[in-house]
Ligand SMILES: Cc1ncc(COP(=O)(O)O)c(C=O)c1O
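Consider the single chain below, provided in structure tokens and representing the form predicted alone.
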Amino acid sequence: MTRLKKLEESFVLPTYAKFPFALARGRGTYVWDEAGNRYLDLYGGHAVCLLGHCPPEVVAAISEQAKRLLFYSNLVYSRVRAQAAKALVRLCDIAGSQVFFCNSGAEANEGAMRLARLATGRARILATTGSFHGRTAAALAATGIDSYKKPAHGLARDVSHVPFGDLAAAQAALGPDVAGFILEPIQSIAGIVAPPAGYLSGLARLCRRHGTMLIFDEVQTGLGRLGAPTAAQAFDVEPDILTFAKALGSGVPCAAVLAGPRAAARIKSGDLGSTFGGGPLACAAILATLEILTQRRLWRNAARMEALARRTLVFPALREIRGKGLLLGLVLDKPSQEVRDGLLRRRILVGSSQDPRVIRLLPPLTVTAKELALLRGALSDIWEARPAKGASNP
């Protein structure tokens, strides 16, 4: 590990703080390091491994596609691209919607904002404080967390922020120059901050009244994670544009913008573009992922596991469980670093957040009651100061 650490740090820019191990393989809800130690992954590679690590159906689909055609651009028709788009449209259940494929969540969110501007002929974008939409220039401009933006210069100046959850502030900011309103339906990196009751539906009504495109950044909330196929369905709201990435290809880099009929109506050839977006390999992964998600109705397991977590993760030091489905924030009575370190010693991976008291859980939607019981036991050990025991290796 020391040699590998030195090698990577010699040639890779030091942009991420890393766990103190190198992973070699993964299967289901578990990953193994190069020493053969097994870890329970309740972080999911940052909400990417929706179906667990290396789902066999996705691995097979990628392998078969790679044998036939690795890549050709969007200048040709592609059966697998058409099938992947159809599967996403059906999952989102917004009549008349169409898909633009790209490569990352940031690119999808930039595309969504561009789409809103093209559809309305307006320039300004509204976003919310506490939001995170990516690290490219326009996506970072829409991000509402100052710590991500302070080192950046030259960001777009036609983006304004209003407080998340404040309908009155949204109403005051909306006007005839606002093309789109982008937000995460539940803010993840901010600490799993859910909207107040009625906020999202009220915002949809306001945006429609002002002719503004409502954009749901579903990069983390989408694809079954909230106990429904999308956050839009979980909250019974129909936005004009939705963005997806992270879990969309089960780990293959890809993203998508889904445009509802109002947003798609004025788009023409050349308005959006991406060399690699919608490539055959990525679309094979997308199609396989969406087929498994839909066939197994994995959002139902997300809802069941949320209910189980709320029933069983009951400790004096755990003040609150925020979120919905399997996008959960454990709010502690003090900074979470010590508890996260204790979980890591017990080989359980979880996420941090901008709120230092919050532990984020973003596990695969295949997580089981047995695996949540392992988390509960580990938390019990930590708060009762029992010695750490590493996860067993089957």
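This structure is a prediction, so every number in the text was calculated from the model and none was measured. From 1 onward, residues are counted along the sequence shown.
The same protein also has a form predicted in complex with the named molecule, omitted here; what follows describes it.
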Just one of Thr129, Ser104, Thr294, Gln98 has a heavy atom within 4.5 Å of the named molecule in the model of the complex. Which one?
Ser104
Gly134, Pro195, Gly144, Gly279 - the one with a heavy atom within 4.5 Å of the named molecule in the model of the complex
Gly134
Decide if the three candidate residues Asn109, Glu184 and Ile189 all line the named molecule in the model of the complex, where lining means a heavy atom within 4.5 Å.
yes
Does Asp217 reach the named molecule in the model of the complex if we count a contact as any heavy atom within 4.5 Å?
yes
Residue contact check: Lys246 to the named molecule in the model of the complex, 4.5 Å heavy atom:
yes
Contact test in the model of the complex: Arg27 vs the named molecule, heavy atoms, 4.5 Å:
no
Any of the heavy atoms of Arg68 lying within 4.5 Å of the named molecule in the model of the complex?
no
Of the candidate stretches 256-264, 219-227, 312-320, 286-294, the one with residues having heavy atoms within 4.5 Å of the named molecule in the model of the complex is 219-227
Applying a 4.5 angstroms cut-off on non-hydrogen atoms, the residues of 31-52 near the named molecule in the model of the complex are His46
